[in-house]
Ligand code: ATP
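Take a look at this one chain, the form predicted alone, written out in structure tokens.
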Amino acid sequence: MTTLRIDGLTVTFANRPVLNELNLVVPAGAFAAVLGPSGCGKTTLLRAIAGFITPFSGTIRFGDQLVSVSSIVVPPERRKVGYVAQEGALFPHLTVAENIAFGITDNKIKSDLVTELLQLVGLSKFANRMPNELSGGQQTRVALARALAPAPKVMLLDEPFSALDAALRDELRAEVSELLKSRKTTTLMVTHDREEALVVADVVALMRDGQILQTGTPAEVYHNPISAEIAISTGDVLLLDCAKDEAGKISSVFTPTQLSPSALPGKLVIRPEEIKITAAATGLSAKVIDLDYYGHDAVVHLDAAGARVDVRIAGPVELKVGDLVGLEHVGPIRWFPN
């Protein structure tokens, strides 16, 4: 197992920084997800780790091995990195078995290893198929097997499930995550899908404008965001206007309180599941204005003293539009200044 460590990584294109003093550590054998919007530098990060891009400054280490620094750049073929691109990037003129065998240099073990990898990804019967004869999910499995063939120290996944339909995406990402974790392969996946990052990763790194802003377990980044923007990137939130005084007292629609004139305006960040619906005579009075039913749960949209409040509840749902209810905030207090 290999720890991936990145310190102060800067990559520039046309003198413009795409990665800016980026720091990240992926523990040995962990599955990490970099979560961020399009254009924030996610793919550039993977390409720098793989050795396809020469950084302007900073270091990249695989365990104790320094693979990239201003004076030393280990070429891609010597880094032992597995790379799965968004579209799989299979060789169209090679069969499934030939695609997997492409990166295996030891001819003595090539045949047995290809057979083993085909079994591993559930494609033993497809060895002689051409890539255009496979489904999108099958192509992703072949790309993964090809990347695993040279026994990489680090596996890099560039939004590998983005082109798949929702049901197949959920199924395949669970299989891939389980496979890589069972082999204890240090993995870094980049994605813009917050659910994907939270579901499959051991470590989630939140990226904006070429920098990692927060890193932690899925639970840590979800429950303890460092800003309102980060909270939005990891799940649904309510942003309620509020104010906070020097003593830490907060006045909001849930707890209206007289504060000193020096109180700072800000936002109260609440997750929809952190609000409890009660009887109309208790808590904050609200009126149901809409319902989104998802089967396993529902989101209830309410008007509370002119503020839009969304509440996630477990099904079945007995409420209807127009009902009057009470609301109680039962989650943590997350206040961020404007």
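No experiment lies behind these values; they were computed from the predicted model shown. Quick note: we count residues from 1 along the sequence shown, nothing fancier.
There is also a form predicted in complex with ligand ATP; it is not shown, and the following applies to it.
Only one segment in the set 302 to 310, 54 to 62, 24 to 32, 37 to 45 has residues whose heavy atoms sit within 4.5 Å of ligand ATP in the model of the complex; it is 37 to 45. Only one of Q86, S227, T95, T215 comes within 4.5 Å of ligand ATP in the model of the complex through a heavy atom, and that residue is Q86.
Heavy atoms of E159 reach within 4.5 Å of ligand ATP in the model of the complex, making it an interface residue. Contact annotation for V18: at least one heavy atom lies within 4.5 Å of ligand ATP in the model of the complex.
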